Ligand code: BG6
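Heads up, the chain below is alone and in the form predicted alone; it's given as structure tokens.
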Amino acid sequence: MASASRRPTDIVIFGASGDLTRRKILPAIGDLSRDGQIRLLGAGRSAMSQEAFKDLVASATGSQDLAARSGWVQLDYDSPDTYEALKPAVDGDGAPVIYYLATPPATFGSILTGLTHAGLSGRGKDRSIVVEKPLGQDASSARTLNEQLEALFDESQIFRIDHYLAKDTVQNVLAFRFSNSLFEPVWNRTMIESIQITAAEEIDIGRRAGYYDSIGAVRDMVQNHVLQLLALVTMEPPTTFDPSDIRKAKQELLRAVEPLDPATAVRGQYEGYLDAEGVGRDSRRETFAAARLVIENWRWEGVPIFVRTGKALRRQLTEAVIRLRDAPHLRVGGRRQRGIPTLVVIRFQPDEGILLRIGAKRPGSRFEMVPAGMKLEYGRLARQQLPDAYENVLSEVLAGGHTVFPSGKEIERSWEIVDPLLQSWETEGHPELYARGSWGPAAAEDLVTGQGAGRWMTSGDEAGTQ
């Protein structure tokens, strides 16, 4: 929560009439604006009246006070001259200004050009810019965008959002790994058998076909959220927990990840996707992606790592499952006991927490091993409702911190990792269909079993932590 002593700040949201702004950005700003130090300006193509925008702000934030300090400016993203309308609102009293680009990535370049034309950007000024993912369409476009940003703003003024990184549980991965002597000594190829990361959504694309059919699961989730979670789970200890050192450690890890091989990847499309309004009848866009990753460094040499993400899956779930190598199996009365895999499960959503699945003796006279679990429920540790990730994001922007924001180099490297997969899937074959409410196409299961890594595991199923 911002302090009462903070200077007034102007937040200019491009795309302020859109769904993302209404559902996520405005509620977060509402929670952070109770000290009266935020003024809000919406900017976009819509011919919206001042009263209509104030009503939108009041409805989304529950704050009439913030609504009274809000205004709307209509402009054309592609017409630099229209950005002059912003100058009276943001240049009046020298207050800090945050530009938030809640617009499709294709508009970023035009908005940067418009701000520059109107003299509203600039290094060293009390200006910041926030950009939403996906940052580019591939490695080349990501480099171009970074060059544009860095030409107009200092790195300290640029905030590239990956809202997953702002979840308290994600940041807790660092504390869990590097502050507990029980786990860090075994966090390597010697004791870890495999790593799986799942980012599953129950919902389908809904009314987002215009966006999703041009993006797909790899660009929407793997290039950013999934690879960022992988970096936190597998990176080397940072020199300090300062943002620059955390970024450096993540970047070094991503440098060690081999570009994805289409031969060890699976794409799927849920049944009925082609019937969604706005989707082409012959669309080959993937709504599911799974892949094996290879990290070429000392710590993870030879450890199979799998990631998967998709829409219309069985459960809403984001977690990393780290399977430790099995202990020798016990024999009791000449009978070999079944092995119970030891799992560390880091749950990012829902029910954020860390679970440890171990083997234990079933109560009773017989010696029989059964799965048992120990669980840290992060919400109970906080003793209050965890803040929304967007509230954490905006709080960090207002404070000028960069802990929860990936660097431009991380983003470029992430695109380099997924580009071979994207290039192959854009030109070859069709996705495998899968049923809604399933865990995706059958080939995704074969991807894991074919590598001798057991099968996909999720907490709460028969293989996971109960």
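Just so it is clear, the structure is predicted and the values come from calculations on it, not from any experiment. The numbering used is simple: start at 1 and walk along the sequence shown.
From this point on, the text means the form predicted in complex with the ligand, which you will not see here.
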item: Of Arg247, Arg357, Lys133, Arg285, the one that lies within 4.5 Å of the ligand in the predicted complex (heavy atoms); value: Lys133
item: Contact residue in the predicted complex, from Arg292, Arg323, Lys311, Arg127 (heavy atom within 4.5 Å of the ligand); value: Lys311
item: Any non-hydrogen atom of Gln349 within 4.5 angstroms of the ligand in the predicted complex; value: yes
item: In the predicted complex, Tyr164 touching the ligand (heavy atom, 4.5 Å); value: yes
item: is_contact(Glu193, the ligand) in the predicted complex, heavy atom dist at most 4.5 Å; value: no
item: 4.5 angstroms heavy atom contact with the ligand in the predicted complex for Asp220; value: yes
item: Stretch from 95-103, 206-214, 254-262, 80-88 whose residues place a heavy atom within 4.5 Å of the ligand in the predicted complex; value: 206-214
